[in-house]
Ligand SMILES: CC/C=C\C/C=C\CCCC/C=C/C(=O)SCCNC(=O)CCNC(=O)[C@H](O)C(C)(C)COP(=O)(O)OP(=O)(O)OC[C@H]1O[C@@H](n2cnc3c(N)ncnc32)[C@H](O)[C@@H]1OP(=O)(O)O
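Listed next as structure tokens is one chain, alone, in the form predicted on its own.
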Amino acid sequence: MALVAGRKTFAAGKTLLLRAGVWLGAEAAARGGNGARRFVSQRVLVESDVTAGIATIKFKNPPVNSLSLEFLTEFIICLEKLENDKTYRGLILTSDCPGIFSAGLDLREMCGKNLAHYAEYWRAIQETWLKLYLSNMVLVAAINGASPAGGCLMALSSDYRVLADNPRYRIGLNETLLGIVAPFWFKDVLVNTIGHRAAEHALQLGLLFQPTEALQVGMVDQVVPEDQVQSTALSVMTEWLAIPDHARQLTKSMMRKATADNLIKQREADIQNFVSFVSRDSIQKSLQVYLEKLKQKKH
């Protein structure tokens, strides 16, 4: 029952956000020259160039762009809107928060809540990944900050990744350091990107790679000076958009469908496993301790 409630709540949440104008359409968009538009929601900023057919989504959920349920809901709506608008062929993902791409899952969504909330939250995580991973648009991640865990997953779901050359901007799936396990579909994406042995090593040790290391292992495609991340992403986008859409899209689907289907056929079981795991007393206590440490760091 909790899982069904979670699904309905998530759907209802999307409806409410749409009614509230989370996606501010053309009538509320600030227009610039050269066909530029700017769409603003509370946690997501969309800048688009209609002429070029390219949109940029900037995460703006300070302080660390954690993937809260509210953020994910807004993000999914924006992504769906762009996907359904055939004007846009390319999408750049980046951050509006200095020094951080995304810190990943919001541990506050996983601690002290009821089972229905955990199910709702995990369904939103699944939905976000599936929409990113299977998007018909060209996705380029302009990684302008640290990108651990769920932030890394969002970057890995892109077609191309450009990382700022700053040793503080580490990227990786570091779940084991928190005493939790990366889900099988996180693992699948990492294996597809860097190979089985390197992924096994990185996942077990919860490695976070500095830019040069991330480039060496194949986690990112380019490392550039921080002030060149966006321009490089746009340059890469131009190269990718030169390929006929239908051929590129069919090829992308051929390469990614099996990995996505692996989750799709197990979605309910995956949600149940997450709810069962995160609701354990030992996990709840660990999360509470970790969140308390974070609070103390802020003071």
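We call the rigid core whatever largest set of C-alpha positions still superposes within 1.5 Å between the two forms. Numbering starts at 1 and follows the sequence shown. Note that the structure is predicted; figures quoted are calculated from it, not measured.
Separately, the form predicted in complex with this ligand exists; it is not shown, and the next lines address it.
A.B. asks: Among 221 to 229, 129 to 137, 154 to 162, 98 to 106, which stretch sits within 4.5 Å of this ligand in the model of the complex, heavy atoms only?
C.D. replies: Partner-contacting stretch among the options: 98 to 106.
A.B. asks: Please determine whether Glu213 contacts this ligand in the model of the complex, using a 4.5 Å cut-off between heavy atoms.
C.D. replies: No, Glu213 stays farther than 4.5 Å from this ligand in the model of the complex.
A.B. asks: Classify Ala198 as contacting or not contacting this ligand in the model of the complex by the rule of any non-hydrogen atom within 4.5 angstroms, answering yes or no.
C.D. replies: Close contact is absent here: in the model of the complex, Ala198 is far from this ligand, nothing within 4.5 Å, heavy atoms only.
A.B. asks: Would Ser66 show up as a contact with this ligand in the model of the complex if we use heavy atoms at 4.5 Å?
C.D. replies: Result yes; Ser66 sits at the interface with this ligand in the model of the complex.
A.B. asks: Determine whether any heavy atom of Gly206 comes within 4.5 Å of a heavy atom of this ligand in the model of the complex, and answer yes or no.
C.D. replies: Answer no; every heavy atom of Gly206 is more than 4.5 Å from this ligand in the model of the complex.
A.B. asks: Judged by heavy atom distances of 4.5 Å or less, which residues of 171 to 189 approach this ligand in the model of the complex?
C.D. replies: Heavy-atom contacts to this ligand in the model of the complex: Asn174, Glu175, Leu178, Ile180, Val181, Pro183, Phe186.
A.B. asks: Is Phe277 among the residues whose Cα moves by 2 Å or more between the shown form and the other one after superposition of the rigid core?
C.D. replies: It does not, since the Phe277 C-alpha is displaced less than 2 Å between the shown form and the other one after the core fit.
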